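Given as structure tokens, the chain that follows is alone and in the form predicted alone.
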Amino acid sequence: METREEPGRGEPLVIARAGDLMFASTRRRFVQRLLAGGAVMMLPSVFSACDGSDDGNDNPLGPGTIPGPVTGVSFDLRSDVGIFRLVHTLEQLEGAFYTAVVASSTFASFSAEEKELFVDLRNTEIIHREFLRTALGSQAVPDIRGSIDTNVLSTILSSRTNIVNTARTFEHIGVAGLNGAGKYLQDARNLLLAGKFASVEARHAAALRDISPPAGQNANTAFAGDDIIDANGRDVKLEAGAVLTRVAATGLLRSGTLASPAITAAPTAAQGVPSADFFPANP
């Protein structure tokens, strides 16, 4: 492990390789630094390694051994932990997807602006994924990369249009899911964290809509179009069940990855009550 020990509180924690984040001690310090407002420096090699080129592994889903398929993942939403397990699942899927996009042959045809955006998307989702993996500890969702349907993934990666459409869908699901989950979170610190995640995902969605507006949207205003704001001026929002339905609709997770039903316990009335969903027909 080449993670550099930080000699002083004000100096950044430096992570040199993607594999460093697989060590529990490194991930723990990584999260502690972020929560404390400290700096974490992730060298470019961390993310360039995500194409599998530095470890002799050409798997497009990332470095290291890809585990076998995970089955029966479920969510008990009566606690903040259960809610963040669902968020962790989404972040894993996004991290794997963007890693595969950047490693794909189609990526070479992207403009310089698009390449920069998708590399940023990959890097951010990997940070989110690892943050949640560490924060959740033993409650974290297992590595689901082996549960990704590579045939579906290959079809998506075969064209720029498919890639951008899927990316916009993922980002909107992320924003909508976090918006829907906020009222159920019981710890104010977790609500703040969810809000930060939602803000980042919303900026991702806006950037994707700016470089490639959905059909029927004005190219000058698509980044914050009327289709993603309801009649009351509120942003997209989904309850957890609807989030999982839309994830399943992408076809990227193999059948059986999620338990049936995947939600074993809904939030209690004390946490909050469900509200109407709002999601664009063509995100």
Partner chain sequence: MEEHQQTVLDGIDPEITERLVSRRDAIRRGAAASSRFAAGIAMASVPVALAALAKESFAQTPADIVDVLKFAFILENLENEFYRAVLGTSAVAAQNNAFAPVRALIPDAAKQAIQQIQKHEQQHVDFLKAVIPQFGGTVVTITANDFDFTGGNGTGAGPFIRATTELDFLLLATQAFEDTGVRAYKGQAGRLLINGNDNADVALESALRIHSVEARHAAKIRRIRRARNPADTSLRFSGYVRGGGIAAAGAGNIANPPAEVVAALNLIYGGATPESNTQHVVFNGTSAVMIDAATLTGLDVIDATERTAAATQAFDEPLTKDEVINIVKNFIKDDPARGLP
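No experiment lies behind these values; they were computed from the predicted model shown. Positions refer to the first chain, counted from 1.
The form predicted together with the partner chain is left out here; the points below concern that form.
(message) Each of I127, K183 and L193 within 4.5 Å of the partner chain in the predicted bound form, by any heavy atom, yes or no?
(response) Yes, all three are in contact.
(request) Work out which of the listed stretches, 146 to 154, 109 to 117, 68 to 76, 159 to 167, brings a heavy atom within 4.5 angstroms of the partner chain in the predicted bound form. (result) Contact-bearing stretch, as computed: 109 to 117.
(message) Even though the partner isn't displayed, in the predicted bound form is L121 close enough to the partner chain, meaning a heavy atom within 4.5 Å?
(response) So L121 counts as contacting the partner chain.
(message) Does any part of H204 reach within 4.5 Å of the partner chain in the predicted bound form? Heavy atoms only, please.
(response) Looking in the predicted bound form, residue contacts with the partner chain include H204, since a heavy atom lies within 4.5 Å.
(request) Look up in the predicted bound form whether T99 has a non-hydrogen atom within 4.5 angstroms of the partner chain, and give yes or no. (result) T99: yes, in contact with the partner chain in the predicted bound form.
(message) in the predicted bound form, does P214 come within 4.5 Å of the partner chain, counting heavy atoms only?
(response) So P214 does not count as contacting the partner chain.
(message) Given a 4.5 Å distance limit between heavy atoms, list every residue of 157 to 175 close to the partner chain in the predicted bound form, or none if there are none.
(response) Sequence-ordered list: H172, V175.
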